[in-house]
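The data below hold one chain only, encoded as C-alpha cells and taken in the form predicted on its own.
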Amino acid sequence: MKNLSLSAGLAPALFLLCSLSASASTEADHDTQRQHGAHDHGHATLNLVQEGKTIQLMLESPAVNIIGFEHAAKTPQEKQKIENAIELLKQGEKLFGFPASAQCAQIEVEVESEHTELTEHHDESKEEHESNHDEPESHSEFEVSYQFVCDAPTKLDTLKVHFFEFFPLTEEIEAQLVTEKRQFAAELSPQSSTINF
C-alpha cells in the first residue's frame, strides 16, 4: 500500500485505531462464529481520527460491495464499472456529510485496490485473461483514505454516511472513531447511518 500523507500526529492515531479495530473484529469472530473482518461481504469498516481541524477517514470494503464482483474485470462493462466506482469513491464530500456549519472540505484522497492496478494496465494479454478466468475468485478489496479540513471544528457534532445510498450492496459499516470529545464505536446500516460525535 502506498504511503499516505498524514500529519505526524494523525498517522500513529490512525494506525492504533486500525489495530484496535482489527483486534475487536477478531474477538467478535470468536463470539459470533462468523467472519466479521474487513472481508465479510456486505460489511465494511470505517476509521475516523480528528485532530483539531483535520479529519482523517479510512474506509475498507470488499470489492463486491462496491462493484458487485471481485474477479479481474473481463468485459468493457466491468472495466467501466470499476472506473465509475473509483471516481465516486474519490468524492468524499458526496459520501460523507459533515454539518455545513463546520465548513469541512476534502483536501486529499487515495484509493487502493487490486482493481485500480488492473485498470492502469490495459495491455494485459489474452493468455493472461484466460489464465485469470481459470483461477478461483480471489478476495479483493478497496481501501480509501480521505483527509478533510474543517474551519469550524467545534461545530462537528454529526457525520452522515451516504455510502449506503451509492453502494447498496453494503449492508453495514463498523465504525471506530477518535474525536476531540471521545473515542467510541458505531454500527451503521442503511436505516441508521448518522454518527453523533
Partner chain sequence: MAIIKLALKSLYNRRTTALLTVFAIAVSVSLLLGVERVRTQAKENFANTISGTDLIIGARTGPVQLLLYSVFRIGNATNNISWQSYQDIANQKSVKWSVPLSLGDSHRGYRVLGTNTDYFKHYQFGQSQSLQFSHGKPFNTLFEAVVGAEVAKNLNYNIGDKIIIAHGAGSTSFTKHDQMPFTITGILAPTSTPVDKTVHVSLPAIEAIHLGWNNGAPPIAGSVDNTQLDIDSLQPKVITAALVGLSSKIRVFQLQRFINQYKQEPLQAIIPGVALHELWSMMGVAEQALVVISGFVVASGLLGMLTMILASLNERRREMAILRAVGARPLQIFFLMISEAGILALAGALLGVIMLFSMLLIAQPLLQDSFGILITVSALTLYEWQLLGLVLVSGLAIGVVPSIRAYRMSLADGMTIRV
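All values derive from a computational prediction rather than experimental measurement. Positions refer to the first chain, counted from 1.
One more form of this protein, predicted together with the partner chain, exists but is not displayed; see below.
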Original post:
Ser140: heavy atom within 4.5 Å of the partner chain in the model of the complex?
Top reply: no
**OP:** May I ask you to state whether Val49 is within 4.5 Å of the partner chain in the model of the complex, using heavy atom distances?
**Re:** yes
**OP:** Verify the contact flag for Glu60: yes if a non-hydrogen atom of it lies within 4.5 Å of a non-hydrogen atom of the partner chain in the model of the complex, no if not.
**Re:** yes
Original post:
So, in the model of the complex, is Val178 in contact with the partner chain at a 4.5 angstroms heavy atom limit?
Top reply: yes
Subject >> Heavy atom contact within 4.5 Å of the partner chain in the model of the complex, the stretch among 41-49, 63-71, 149-157, 162-170 >> reply: 41-49
